[in-house]
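Heads up, the chain below is alone and in the form predicted on its own; it's given as structure tokens.
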């Protein structure tokens, strides 16, 4: 069913990728991921003396104290927590038509979610390859990141398709990207 009469639904789409029922699950997942990453950060900063690990013995401690976890000036779990926070904030900002009215925030949201998922995959691959260990909460965080990618990418796709229609109509892509009301009203 084509909902082209509804301005909240992109042309040739059957649903609104910016609807709250699409975004709230991502925001909830990001909050869960942020909680896990914050807990792991507290261990890496030695605020907590041990880390919960139900399946892999001392695997979490090996991973969280590894050379890879300390490549940057701050612990890698802290970067994860910050990334999840960006996901939450960029997921909340804007209304249900933001794929068209605020493409910039949708792009920020998509870029925050997508690369985090890729980094999670890389870190999961590194666990057995480099350290012969697994970390349950790190794996949980990676699964959360992967679950977030699909729903976030469809909203980003709707915004990119909108920007393509703006360009095809010879209107200002720059103004539409930043949500200029006049530019928005000229192209659906």
Partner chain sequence: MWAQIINVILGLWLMVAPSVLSYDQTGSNNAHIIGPLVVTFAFVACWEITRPVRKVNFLSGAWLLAAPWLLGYSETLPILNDMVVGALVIGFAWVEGKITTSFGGGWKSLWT
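Numbering follows the first chain given and starts at 1. Everything quoted here is computed from the prediction, not taken from an experiment.
Although not depicted, the form predicted in complex with the partner chain is the subject of the following passage.
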ask   = Could you tell me if residue 179 has a non-hydrogen atom within 4.5 Å of the partner chain in the model of the complex?
value = no
request  = Mark residue 147 yes when one of its heavy atoms lies within 4.5 Å of a heavy atom of the partner chain in the model of the complex, and no otherwise.
outcome  = yes
message = Given that the partner chain is not shown alongside this chain, does residue 175 nevertheless sit within 4.5 Å of it in the model of the complex, heavy atom to heavy atom?
response = no
query = So, in the model of the complex, is residue 15 in contact with the partner chain at a 4.5 angstroms heavy atom limit?
reply = yes
message = Can you pick out, from 27, 64, 34, 124, the residue that has a heavy atom within 4.5 Å of the partner chain in the model of the complex?
response = 124
ask   = Would 11, 128 and 151 all count as contacting the partner chain in the model of the complex, using a 4.5 Å heavy atom cut-off?
value = yes
